[in-house]
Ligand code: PDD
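Below, in structure tokens: the form predicted on its own, a single chain.
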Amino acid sequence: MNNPLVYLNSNGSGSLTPLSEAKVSVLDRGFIFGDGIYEVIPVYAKKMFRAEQHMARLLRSLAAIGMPNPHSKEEWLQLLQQVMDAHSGDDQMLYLQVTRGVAKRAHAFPAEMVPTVFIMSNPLTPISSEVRAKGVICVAMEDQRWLHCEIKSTSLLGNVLAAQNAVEHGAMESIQFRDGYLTEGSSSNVWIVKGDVVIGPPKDNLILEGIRYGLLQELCAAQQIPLQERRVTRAEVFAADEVLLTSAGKEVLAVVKIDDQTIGKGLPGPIYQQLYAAYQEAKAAN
């Protein structure tokens, strides 16, 4: 669909409109300051995956930046459903963005603003079976973002630069470290496997708690795979038996090389295989 229907509320009354006709004021604080929150929700077989968890994170992010929530959970889900139903594909990626709204440019936000809400959907393009079979290459870099990475903010310049760094190095993702400890990728949570134990950084202000973070915890528990949340050193990452990425688009993905160093045996490992299979079962049961 070259001109898909999207939902936009930019003046207090929202509606479905063709993407080419969706307009937002240049004084919208999302445009001027990146003053907004977003969510990306995968859809499989016309059903939103982990929608409850995405809604909970949306509300946490809104509260964290002092933005009033313009809709109830039921209203959000109805709006998302409308956009999803307007698209023919069974597998989609829903994008939801809320900005503080339109106001005269000033850093402090005025009271009683009307948030701008935008929702669109794109086809969900899965990682190919060929890439999955080989695993992916990543590049290491210092994490230079702000200290509230737990907020899913539209202020993403740090993530954009990290993603561009990966592209310039021919890599799938940049794996970031702050003061010698693993944080996350530009748009992925990062995990290591040592022995039969999956280890991930703690859920604090230095990472965004991906929805797949909680899902991976559930899958590990169901598969009886030990999982630890703790600080992970740079040396541990490079010495890991396996390194995994998780995100809405990547699902679970094996890393086989970081910079010039091979991870483990240089192939997707057994824990990856087990968790990826369990992930597919969770999707089928959704």
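What you see is a predicted model; the values in this text were computed from it and never measured. The first residue of the sequence shown is number 1, and the count goes up from there.
The discussion below concerns the form predicted in complex with this ligand, not included here.
Visitor: Note which of Phe31, Tyr44, Phe238, Tyr38 lies within 4.5 Å of this ligand in the predicted bound form, where distance is taken over heavy atoms; exactly one does.
Guide: Spelling it out, the residue with a heavy atom inside the cut-off is Tyr38.
Visitor: Any idea which of 161-169, 99-107, 203-211, 119-127 reaches within 4.5 Å of this ligand in the predicted bound form, heavy atoms considered?
Guide: Comparing against this ligand in the predicted bound form, the contact stretch is 203-211.
Visitor: Taking heavy atoms and a 4.5 Å cut-off, does Ser247 contact this ligand in the predicted bound form?
Guide: Contact check for Ser247: yes, within 4.5 Å of this ligand in the predicted bound form.
Visitor: In the predicted bound form, does Gln92 come within 4.5 Å of this ligand, counting heavy atoms only?
Guide: Gln92: no contact with this ligand in the predicted bound form.
Visitor: Would Ser174 count as touching this ligand in the predicted bound form under a 4.5 Å heavy atom rule?
Guide: Outside the cut-off, so no.
Visitor: Can you tell me if Lys152 lies within 4.5 angstroms of this ligand in the predicted bound form, counting non-hydrogen atoms only?
Guide: Taking the distances in the predicted bound form, the answer for Lys152 is yes, it comes within 4.5 Å of this ligand.
Visitor: Can you list, in sequence order, the residues from 110-142 that come within 4.5 Å of this ligand in the predicted bound form, counting heavy atoms only?
Guide: Heavy-atom contacts to this ligand in the predicted bound form: nothing from 110-142.
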